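Heads up, the chain below is alone and in the form predicted on its own; it's given as structure tokens.
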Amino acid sequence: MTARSVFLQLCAAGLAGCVLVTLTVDLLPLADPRAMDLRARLQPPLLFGGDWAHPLGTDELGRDILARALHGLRLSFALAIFGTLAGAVLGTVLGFLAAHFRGLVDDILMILIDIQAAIPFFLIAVIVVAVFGASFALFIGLMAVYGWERYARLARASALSAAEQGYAEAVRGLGAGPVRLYARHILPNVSSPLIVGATLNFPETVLLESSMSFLGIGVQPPMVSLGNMVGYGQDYLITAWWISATPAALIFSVTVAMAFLGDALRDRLDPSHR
């Protein structure tokens, strides 16, 4: 067993543990992430002189860092998962529509893709949040819009390739309608690249949400996000570094692990990378 395979197994185990924790965080014996106790404010982690009541310390309002970090991880995971899935569905459907109708529909789709590629998406997200306000549904929509164009390009290219190879016309000749053609015959051929794209898009989505929350335009209190935890702790980096260090370490670990697993999955599923 190589060092790379061991590292990938550790990444997979760590992500599985994160998913398990996010699903069962309400059942764990944790403190209330929103409960304030000014008498216990700025307590250090257990290994740096703290106590078992707050093993990772407390923040400036006496809130438990461990409980807040795990609840923030759940929120970041939920936004990233729903946003990635929504983006994959939206992009795939639009790509198939462009390949099916071609002409004006195809031209409009390519123009939209070029526009999004030309404008930094973070700027678009900031403007949208400033106009419509921050909400969970809005953030899922932003996460979906963030990655839809890569799925649209892939789905469109696969559908056009199927048309050139002739089997799409053969299926139509047997009486299959457009929905059956794309869902039963073209989509399975593009499912592997779509899965790989989703695994690579997931860490980018986590970083996007964390960056927006860090700047104060993302998830708003009383909801807890890893990004806004890092933002709240930046004023205490010298005196209470653990406020930012714990959520920052979680963001780093999750994104790196998912990026390496996505890269390994691409090597396994994509023949051009073998």
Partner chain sequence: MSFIVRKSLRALFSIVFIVTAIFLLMRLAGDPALAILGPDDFPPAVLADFRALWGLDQPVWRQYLDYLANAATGHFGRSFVDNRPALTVVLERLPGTLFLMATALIITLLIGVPAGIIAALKRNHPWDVAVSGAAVIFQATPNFVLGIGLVLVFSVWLRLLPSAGTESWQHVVLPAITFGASNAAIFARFVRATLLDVLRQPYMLAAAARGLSPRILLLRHALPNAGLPLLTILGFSLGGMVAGSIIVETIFAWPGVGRLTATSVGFRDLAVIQVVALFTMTAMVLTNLAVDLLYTVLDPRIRLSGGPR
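Between two forms, the rigid core is defined as the largest C-alpha subset superposing within 1.5 Å. Residue numbers count along the first chain shown, from 1. Predicted, not measured: the structure shown is a model, and the values here were computed from it.
The same protein has a further form, the form predicted in complex with the partner chain, not shown here; the description that follows concerns it.
**Q** Of the residues 42, 53, 217, 36, which one places a heavy atom within 4.5 Å of the partner chain in the predicted complex?
**A** Looking at the other structure, the residue within range turns out to be 217.
**Q** Only one of 195, 187, 126, 85 has a non-hydrogen atom within 4.5 angstroms of the partner chain in the predicted complex; which is it?
**A** It is 126.
**Q** Honest question, do 133, 210 and 237 all end up within 4.5 Å of the partner chain in the predicted complex by heavy atom distance?
**A** Contact check passed for all of 133, 210 and 237.
**Q** Taking the partner chain as it sits in the predicted complex, is residue 259 near enough to touch it, meaning that at least one heavy atom pair lies within 4.5 angstroms?
**A** Yes.
**Q** Does the partner chain come within 4.5 Å of any heavy atom of residue 110 in the predicted complex?
**A** Because a heavy atom of residue 110 falls inside 4.5 Å of the partner chain in the predicted complex, the answer is yes.
**Q** Any chance residue 122 has a heavy atom within 4.5 Å of the partner chain in the predicted complex?
**A** Heavy-atom contact with the partner chain at 4.5 Å: present for residue 122.
**Q** Even though the partner isn't displayed, in the predicted complex is residue 245 close enough to the partner chain, meaning a heavy atom within 4.5 Å?
**A** Output for residue 245 is yes: heavy atoms within 4.5 Å of the partner chain.
**Q** Tell me, please, which stretch of 71 to 79, 114 to 122, 93 to 101, 187 to 195 lies within 4.5 angstroms of the partner chain in the predicted complex when heavy atoms are compared?
**A** Of the options, only 114 to 122 has residues within 4.5 Å of the partner.
**Q** Is the C-alpha displacement of residue 113 equal to or greater than 2 Å between this form and the one not shown once the rigid core has been superposed?
**A** After core superposition, the displacement of the residue 113 C-alpha between this form and the one not shown stays below 2 Å, so no.
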